[in-house]
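In structure tokens, the next block holds one chain alone, the form predicted on its own.
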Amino acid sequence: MKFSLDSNIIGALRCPHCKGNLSLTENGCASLVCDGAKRHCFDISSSGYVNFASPAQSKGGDSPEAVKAREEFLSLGFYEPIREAVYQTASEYAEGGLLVDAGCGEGYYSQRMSERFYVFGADISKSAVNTAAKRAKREGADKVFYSVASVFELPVKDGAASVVTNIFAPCVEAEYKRILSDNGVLIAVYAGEEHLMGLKEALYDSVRKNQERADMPADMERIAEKRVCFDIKLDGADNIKRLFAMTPYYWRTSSADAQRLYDLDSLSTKVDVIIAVYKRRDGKEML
């Protein structure tokens, strides 16, 4: 079966090596080939994604275990209010066009965005991107395309994106400004001050509220902010472990403190998320 890629997506991409235009070829297997002098070629996997990252970069990002835990947790619908709020926010500021999901993970948010936008999702975790592409293929989502790529070096042309979503991922202002159109918006989603306080209280004797992230845009104008706040209750050790595994606390917590969490039969915690919308200050500024 031939691989298809919408022209609205492929037309917005560029070669990560020489910045040349990319086109889809079918010669035994599907590939993206640039029009530069060296004709750089990137094969499309059987799952339906392309790896634009260097060999060293491709070893980074979330592990298969972390991706599996997050996919299983998100499939239970606990974060559906966040996904819907991000979708509604993007729809409010753009009627369509290309949406770049920078740090797309396993595609939970990207897939919803593709109901309104053409979506290009990028993440440095090969395992996450493979999971996202398989789901898109399984569900017949033909307006979304995934790649292994660093959010610091996105294979996207200057000014090609109507929207950039940055959801619980590193915020790289300079790169996002580069790929946004003059009237495009960046939607940054990050933890509010009380996010997962119940989880932290179960892990540690002393907890503090979350602080504002240090990597939020400094040169762009914040034009809107929305807080999504609700409570969830997790029943069963498996669901508690899934939530824990998809947080940064998983890597910072001693085995003794983690065991305190694992001994619980249920966990109630607050979900507190900020959705911030940014645009260029003059509407035309380019880096």
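This is a predicted model, so every value here is computed, not measured. Quick note: we count residues from 1 along the sequence shown, nothing fancier.
Another form exists, predicted in complex with a small molecule; not displayed. Remarks below refer to it.
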**Among 98-106, 131-139, 190-198, 204-212, the region lying within 4.5 Å of the small molecule in the predicted bound form by heavy atom distance** = 98-106
**Asked** Even though the small molecule is not shown here, does M216 get within 4.5 Å of it in the predicted bound form, heavy atoms only?
**Response** no
**Message:** Is it the case that G61, even though its partner is missing from this view, gets within 4.5 Å of the small molecule in the predicted bound form, heavy atoms only?
**Reply:** yes
**Request:** Report whether the minimum heavy atom distance between A85 and the small molecule in the predicted bound form is within 4.5 Å.
**Result:** no
**Message:** Contact with the small molecule in the predicted bound form for V164, defined as at least one heavy atom pair within 4.5 Å: yes or no?
**Reply:** no
**Asked** Non-hydrogen atoms within 4.5 angstroms of the small molecule in the predicted bound form: do L74, S125 and V151 all have one?
**Response** yes
